[in-house]
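In structure tokens, the next block holds one chain alone, the form predicted alone.
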Amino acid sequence: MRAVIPYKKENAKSRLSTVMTKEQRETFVEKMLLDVVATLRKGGILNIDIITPKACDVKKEVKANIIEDDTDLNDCLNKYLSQKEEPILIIMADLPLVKFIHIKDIVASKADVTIVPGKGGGTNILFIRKPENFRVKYYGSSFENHCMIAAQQKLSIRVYDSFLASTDIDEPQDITELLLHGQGIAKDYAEKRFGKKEGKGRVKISPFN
């Protein structure tokens, strides 16, 4: 079994640009990647590949195999899957709230394909037992795309329902969830820059000056 993490550092997370500078965002995605790798290892997955446009963007402390590929996300992942015969877990790098127990539960699934949906129709985690014939289709409603692809191949599907695993950090309000529920170094980084602002509605982040 292997895990693969697509990762892009340069000018990452542009939707956070209202609350973070380019340099802060690039540091932040590094922290989230380190959290995801640590969670995978704690969950029992030691064979980890990181696919990135620039290998130099991945720091040495990230203990993983680095694959440099600057092609489209779908193209690079489908090429990767076509070369594998063992079960593959695809996990996004912006999931610092995922816990090792989620990883253990997902890979223990008997389904051919286990999907963790993300916000707005996305796919946060995809566990594929026989990857050589499966093809991913990210962007847009990728959750529906992956369900359809599995159904067309007559593969059994499990939708893994988890608030924490479904919370990717893309927009300022997502940082609130990290402050409330996070435990790793991405949370530590966020806590140095944001406080929690409480009112009559939902908790929001309040940047420190």
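Residue numbers here begin at 1 and follow the sequence given. The structure presented is a predicted model; accordingly, all values stated were derived computationally and were not measured.
As for the form predicted together with a further copy of the same chain, it is not shown, yet the points below apply to it.
Residue 102 belongs to the set of residues with a heavy atom inside 4.5 Å of a further copy of the same chain in the model of the complex. Contact check for residue 119: a heavy atom falls within 4.5 Å of a further copy of the same chain in the model of the complex. Interface membership of residue 170, defined by any non-hydrogen atom within 4.5 Å of a further copy of the same chain in the model of the complex, is confirmed.
Taking the partner from the other structure, a further copy of the same chain in the model of the complex has no heavy atom within 4.5 Å of any heavy atom of residue 22.
Partner contact region in the model of the complex: 180 to 188, out of 180 to 188, 22 to 30, 36 to 44, 54 to 62, criterion any non-hydrogen atom within 4.5 Å of a further copy of the same chain. The partner is not shown here, and in the model of the complex the stretch 27 to 54 never reaches within 4.5 angstroms of a further copy of the same chain through any heavy atom.
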